[in-house]
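Below you will find one chain, with nothing else, as structure tokens; this is the form predicted on its own, and questions on how it binds or moves follow later.
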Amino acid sequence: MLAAPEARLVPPLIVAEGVTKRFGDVLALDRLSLEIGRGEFVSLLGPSGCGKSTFLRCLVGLDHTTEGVLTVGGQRVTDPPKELGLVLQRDALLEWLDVLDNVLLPAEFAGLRRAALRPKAKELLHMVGLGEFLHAWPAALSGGMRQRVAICRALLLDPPLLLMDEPFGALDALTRDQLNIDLHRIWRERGMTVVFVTHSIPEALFLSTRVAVFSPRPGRIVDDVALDLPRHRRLAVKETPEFAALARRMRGNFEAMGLIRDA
């Protein structure tokens, strides 16, 4: 699917050119190249250990590329980029702070007045259905509720880029479906760029505007698919012929790599 002519005039937010990452003798990423435009929701899909999270850590500036160039907003990544939101599989909530204070943590790190951002934090928590839990302790929350708090915390400062590393991987199927719906709605409303790591084909297809398929280690991109699905998605989209065809394409990639063997 070709981009609109005017879209090509806007520089991509993320550019990876020939990115290679080694950990000693282990080659994790091999000459990976990828561009991600502003406002896109791009899922990195692949098996465990294929380099998806390594690439995300390089984007965050927690790991440095061995070779190649990686830029965010035109700036080479050497340290964590400013105005970045990050959500991990483990929510990393501070157990001694209540829900509202956990969401306000980025204000402290940025040297901003917490009081000025308190209304914004409350608005975010109401938006994800946690308005009645502002002063609850994390230990009293379910796994899905904790991840909602983590998402609110990542969004507090309105980052233009949100990086998510398998944030729903440990949740049950029903909770995961609901959080997929919530996240997709937040992305539509706020318009930030999202890079989302997952090994779930249905999750990647439901959430994304594009899916980049990773090979087993060393990680390379073997398919980059723009999804021609409605922007406003309901779970029923999974039952459509278009969704099924995309899922077959994804499975076909993994079958070709020997990762799925249909008996």
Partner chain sequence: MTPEPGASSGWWLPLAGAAGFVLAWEAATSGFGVPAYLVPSPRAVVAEIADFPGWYAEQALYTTLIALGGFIAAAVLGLLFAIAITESRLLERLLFPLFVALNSVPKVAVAPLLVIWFGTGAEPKLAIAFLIAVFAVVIDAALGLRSAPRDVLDLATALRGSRLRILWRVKLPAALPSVFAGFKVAMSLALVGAIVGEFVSSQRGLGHVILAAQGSFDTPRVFAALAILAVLGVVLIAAVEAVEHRIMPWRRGEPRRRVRGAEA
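Quantities reported herein were computed from a predicted structural model and do not represent experimental measurements. Residue numbers count along the first chain shown, from 1.
The next section is about a form of this same protein that is not shown, the form predicted in complex with its partner chain.
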Open item on the list: Within 4.5 Å, heavy atoms only, which of V225, V60, I201, A28 is in contact with its partner chain in the predicted bound form?
Closed with: V60
Task: Contact residue in the predicted bound form, from L86, V128, L171, V77 (heavy atom within 4.5 Å of its partner chain) - done: L86
- [ ] Would you check, heavy atoms only and a 4.5 Å threshold, whether D98 touches its partner chain in the predicted bound form?
- [x] yes
TODO: Decide whether P160 counts as a contact residue for its partner chain in the predicted bound form under a heavy atom distance cut-off of 4.5 Å.
DONE: no
TODO: Using the partner position in the predicted bound form, report whether D182 sits within 4.5 Å of its partner chain, counting heavy atoms only.
DONE: no
Open item on the list: Within 4.5 Å, heavy atoms only: does R90 come near its partner chain in the predicted bound form?
Closed with: yes
- [ ] Among 188-196, 68-76, 136-144, 173-181, mark the stretch whose residues have heavy atoms within 4.5 Å of its partner chain in the predicted bound form.
- [x] 136-144
Task: Heavy atom contacts to its partner chain in the predicted bound form at 4.5 Å, residues of 149-163 in sequence order - done: R153
